[in-house]
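What follows is a single chain, given as structure tokens, in the form predicted on its own.
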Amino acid sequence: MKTNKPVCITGASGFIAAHIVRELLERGYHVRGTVRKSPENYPFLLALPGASERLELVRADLLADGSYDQAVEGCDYVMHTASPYEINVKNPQTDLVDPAVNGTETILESCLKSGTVKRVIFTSSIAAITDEPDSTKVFSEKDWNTMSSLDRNPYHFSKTVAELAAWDFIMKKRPRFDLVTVNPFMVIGPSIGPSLNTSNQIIRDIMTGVYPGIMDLNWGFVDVRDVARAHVLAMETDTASGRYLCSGEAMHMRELVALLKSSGFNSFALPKIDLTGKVGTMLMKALSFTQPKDTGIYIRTTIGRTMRYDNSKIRRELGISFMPVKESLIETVNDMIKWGHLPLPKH
């Protein structure tokens, strides 16, 4: 083990964070997770193997100064995962940007005060790398999203400014701890808790008739268990540094729909009309203006473009290998059925 002291996880009940908690408990670590409500509200965390002996849940508030002082006290390592993830919000500044940036600064200030923290692992996103695929470019950790704003893909903007705030904190305050960021793409996979995360919801929407046709979209997918393992490896690997683009294979929507059809899910309302050509893309761009504002912007900035990226740094430096996306997608769908987010397939 890297440390005998508790490892602090902010937002411990979240989709990624809960898997990090499980991964750490499996490896024998003591875990201190921050949550918004009293611990009994999170039975799925308390039921994890090893939780009764080595998991402590403490309440903390992203927007309250000093709220994390108790949580990070005496810790060598802190993993900051807590951040809002919503696409359509009423006020992007107060609903997305303020919690993301202020929460980041609050947790880093608490780490600075602690005097014991050696490393902070920060859950960022591909959103901080780009919000617009470019068929002529291969994206990597060297790239930064310079196009998002409060009006254009505000979720992407919140992730970008939050990560920038973290690196700015390190540069200006020169703390004793270092910073490592994990930047995953579309995080899918089984959920430890009952809530439905946003990426899995996109899969559900594809299966329940929300999408009128098969669009010219492709995504990079990564299983949530690989993302959790990446966080732990970023903690355990002394030489880990900088940013890590965390994503396995990319898959086109056409391939995704074909996979679901061939895997016993063809009774769902999967899109049938192929709208991946130029005319279909023009039509979908026009129809995007009938969608909620931020959904429409997202479609217009991604449709008809191929996302390519280089994940060699995380594989080389952290030694991670990624679960095949097809396997992860099937587990994702079966898990959503288990939790009641999807009905049982008809036979």
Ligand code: NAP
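Note that residue numbering begins at 1 and tracks the sequence as displayed. These numbers were taken from a predicted model, which means no experiment stands behind them.
Note that the form predicted together with this ligand isn't included here; everything after this is about it.
Between the options 247, 160, 153, 123, which residue brings a heavy atom to within 4.5 Å of this ligand in the predicted bound form?
-> The option sitting close enough to the partner is 123.
Heavy atom within 4.5 Å of this ligand in the predicted bound form - the one residue of 297, 57, 51, 62 that qualifies | Result of the distance check: 62.
Pick from 208-216, 252-260, 236-244, 123-131: which stretch has non-hydrogen atoms within 4.5 Å of this ligand in the predicted bound form?
-> Comparing against this ligand in the predicted bound form, the contact stretch is 123-131.
Interface membership of residue 82, this ligand in the predicted bound form, 4.5 Å heavy atom rule = So residue 82 counts as contacting this ligand.
4.5 angstroms heavy atom contact with this ligand in the predicted bound form for residue 77 | Contact with this ligand, no.
Does residue 16 make contact with this ligand in the predicted bound form, using a 4.5 Å heavy atom cut-off?
-> Close contact exists here: in the predicted bound form, residue 16 approaches this ligand to within 4.5 Å, heavy atoms only.
Taking heavy atoms only, is residue 189 within 4.5 angstroms of this ligand in the predicted bound form?
-> Output for residue 189 is no: heavy atoms all beyond 4.5 Å of this ligand.
Residues of stretch 182-205 in contact with this ligand in the predicted bound form (4.5 Å, non-hydrogen atom) | The stretch touches the partner through 184, 185, 186, 187, 197, 199.
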